[in-house]
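Heads up, the chain below is alone and in the form predicted on its own; it's given as structure tokens.
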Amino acid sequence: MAGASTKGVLSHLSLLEVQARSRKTPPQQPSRVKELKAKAEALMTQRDQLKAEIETHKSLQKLRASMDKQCTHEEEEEEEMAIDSENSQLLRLMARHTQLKDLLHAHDIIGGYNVIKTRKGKGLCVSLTTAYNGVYLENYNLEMDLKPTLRISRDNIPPFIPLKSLAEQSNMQTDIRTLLDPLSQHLNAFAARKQQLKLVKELHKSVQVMESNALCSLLVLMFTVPREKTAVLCSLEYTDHTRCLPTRVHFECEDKGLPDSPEWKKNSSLLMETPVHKALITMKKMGDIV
């Protein structure tokens, strides 16, 4: 009986142990859940990393595209700049050409001259151009022999221009400009005085030209004063034949006090400092002459 009792106790203990083990199994489930949660979190983290990598890759692609576009734009700009540079160079050359033409034009206007060889190098032909206010006027020529010494053989210089005296005073054997420069001054001053006289006749019908000479170094005009209807004789003397402005202005009038009046003293200064046809315009605007 005792053995059976002992065995029954052991069996009961074994049963209790099995039951106890079966009770210990469920607590293991929360550990599994934690493991799965950890794995899920790891997968989510990996997913987020992949998303970040994808976004970074997209950003890099956009940056490369932008850089490629910028490079292409810069290359196009460089090509345009190269074209612009060629155009600018062409424009500069055209501007330089125009400038040189203007310089040649100015050279002629201020009394320039051209020299060419003639008779197979045995002579020279010098052409002198006259102009006034940018308008070309007469041309004058000198033909010169080179041997045995430089000398003037023929010319069409007006006889009242002191060509012989200028040649004697020059050092033309070593520097022909010592003749041509003063000769050009005389010719251009004469052309300017002659042109002014022409403009007076064309622009001022109420002003009478009473006297003038071939050199246009003397000019006598008659004005009419509007208030008193008085006639005034104005004499302009050009004693410096290299200039186109008078060196002396003289008024004559029945009213002896008129020439000494402040208004007519101003007119005298005006006529000495301004080309006569322009001075007359000012005098008319001031109401001093008709």
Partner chain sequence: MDESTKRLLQRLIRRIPTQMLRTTLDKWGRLTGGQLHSMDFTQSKWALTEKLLAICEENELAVKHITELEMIYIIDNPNQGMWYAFQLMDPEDDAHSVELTQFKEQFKSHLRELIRHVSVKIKKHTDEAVWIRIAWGDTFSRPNHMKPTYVVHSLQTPYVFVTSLTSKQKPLLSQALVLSTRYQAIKDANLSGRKLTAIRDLLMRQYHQVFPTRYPTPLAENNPAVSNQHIEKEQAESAANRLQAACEAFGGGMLPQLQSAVYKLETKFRDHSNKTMTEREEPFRCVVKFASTNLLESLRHCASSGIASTPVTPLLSSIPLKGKNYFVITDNGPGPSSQMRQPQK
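Predicted model, so just to flag it, every value in this text is computed and none were measured. Residue numbers count along the first chain shown, from 1.
Not on display, but discussed next: the form predicted in complex with its partner chain.
*Asks:* Ok, 206, 118, 173, 169: which has a heavy atom sitting within 4.5 Å of its partner chain in the predicted bound form?
*Replies:* Comparing distances to its partner chain in the predicted bound form, the residue within 4.5 Å is 118.
*Asks:* Which residue among 200, 163, 191, 215 has a heavy atom within 4.5 angstroms of its partner chain in the predicted bound form?
*Replies:* Result of the distance check: 215.
*Asks:* Taking 4.5 angstroms as the cut-off for heavy atoms, does residue 148 touch its partner chain in the predicted bound form?
*Replies:* The answer is no: residue 148 has no heavy atom within 4.5 Å of its partner chain.
*Asks:* Could you list which residues of 232-267 come within 4.5 Å of its partner chain in the predicted bound form, counting heavy atoms only?
*Replies:* Counting only heavy atoms within 4.5 Å of its partner chain in the predicted bound form, the single contacting residue of 232-267 is 241.
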